[in-house]
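Just the one chain here, the form predicted alone, laid out as structure tokens.
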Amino acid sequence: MSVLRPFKATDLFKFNNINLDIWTETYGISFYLQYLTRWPDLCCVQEAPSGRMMGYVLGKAEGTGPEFHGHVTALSVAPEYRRLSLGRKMMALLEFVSDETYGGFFVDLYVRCMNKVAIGMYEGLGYSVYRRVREYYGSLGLGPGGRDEEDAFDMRKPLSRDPQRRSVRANGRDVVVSAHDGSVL
């Protein structure tokens, strides 16, 4: 039986099996440490009985007024542990803390438009596309001329402070904005 526990700084030395994946964004150590010190209750790992890390989620609270929300910065599960509902469990904890502790209006996240499996999982958890953000993800160097900036869906799920569901929209896939300045295209 695995355990869901807080993400510790020492976990940064044990998560290569999770981060070495094309879908996972990786960051510098100072970035992870900033999250662990500012929002420790929004960062957790799923750990196997052997001590091997199975997955993790990093989140934060941001925004003001009705835009105050929980944000999923990273959710990743090691390939050998996928399809075990670990991502769902970590998301449920982040949503609970965003709602009950921080009093956010919604939780949002960005996902590559090509990542159909993740989009399906998030939709199954009650998230919907709020907008498409052009060229949100930088180049992996796989496209023509070494460029392949990829769009992201900004997906949102309303929390208990948003009973009218003002933080979501029905036609989110039709709303396209620039990653550089947020302007509607």
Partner chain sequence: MDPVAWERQIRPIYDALDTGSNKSAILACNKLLKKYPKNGLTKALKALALVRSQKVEEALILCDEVLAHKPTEDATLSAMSHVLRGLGRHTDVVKMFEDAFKTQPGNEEYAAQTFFANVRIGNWRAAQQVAAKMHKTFENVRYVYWYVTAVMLQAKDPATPEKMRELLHQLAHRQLMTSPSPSYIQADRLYQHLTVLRELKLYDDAQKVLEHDTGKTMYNNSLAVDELRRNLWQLSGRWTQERELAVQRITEKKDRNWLEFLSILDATFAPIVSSEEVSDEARTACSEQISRTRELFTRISEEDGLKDRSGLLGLLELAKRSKHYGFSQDSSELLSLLQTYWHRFGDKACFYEDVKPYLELDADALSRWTSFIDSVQPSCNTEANLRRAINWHKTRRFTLPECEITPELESARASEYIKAYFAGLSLGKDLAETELQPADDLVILAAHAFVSSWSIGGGEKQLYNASVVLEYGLTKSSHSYHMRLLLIQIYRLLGSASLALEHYRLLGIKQVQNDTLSHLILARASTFSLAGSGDITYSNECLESSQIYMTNSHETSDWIVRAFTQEKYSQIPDLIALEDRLDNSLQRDLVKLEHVRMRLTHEPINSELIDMELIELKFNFDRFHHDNRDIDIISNYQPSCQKSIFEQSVLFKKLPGPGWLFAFLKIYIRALQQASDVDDMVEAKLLIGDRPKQSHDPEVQRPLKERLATRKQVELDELTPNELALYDFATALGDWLEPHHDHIRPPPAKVLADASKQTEAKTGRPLQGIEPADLTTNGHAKKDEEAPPVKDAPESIACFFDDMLARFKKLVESGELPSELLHVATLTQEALLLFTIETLRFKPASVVKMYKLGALATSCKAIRTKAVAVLKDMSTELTKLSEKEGSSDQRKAFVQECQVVQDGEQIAHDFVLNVAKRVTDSRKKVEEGIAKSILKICSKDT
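Bear in mind the structure is a predicted one, so any value in this text is a computation, not a measurement. Residue numbers count along the first chain shown, from 1.
The following text describes the form predicted together with its partner chain, which does not appear among the structures shown.
Proximity of Gly126 to its partner chain in the predicted bound form falls outside the 4.5 Å heavy atom cutoff. Although the partner is absent here, Val176 lies well away from its partner chain in the predicted bound form, with no heavy atom inside 4.5 Å.
Its partner chain in the predicted bound form is approached by Leu36, whose closest heavy atom lies within 4.5 angstroms of it.
Although the partner is absent here, Lys8 is a contact residue: one of its heavy atoms lies within 4.5 angstroms of its partner chain in the predicted bound form. Proximity to its partner chain in the predicted bound form, taken as heavy atoms within 4.5 Å, picks out 36 to 44 from the listed stretches 150 to 158, 63 to 71, 36 to 44, 129 to 137. Interface residues of 1 to 18, taken as those with a heavy atom within 4.5 Å of its partner chain in the predicted bound form (partner not displayed): Met1, Ser2, Val3, Leu4, Arg5, Pro6, Phe7, Lys8, Ala9, Thr10, Leu12, Phe13, Phe15, Asn16, Asn17, in sequence order.
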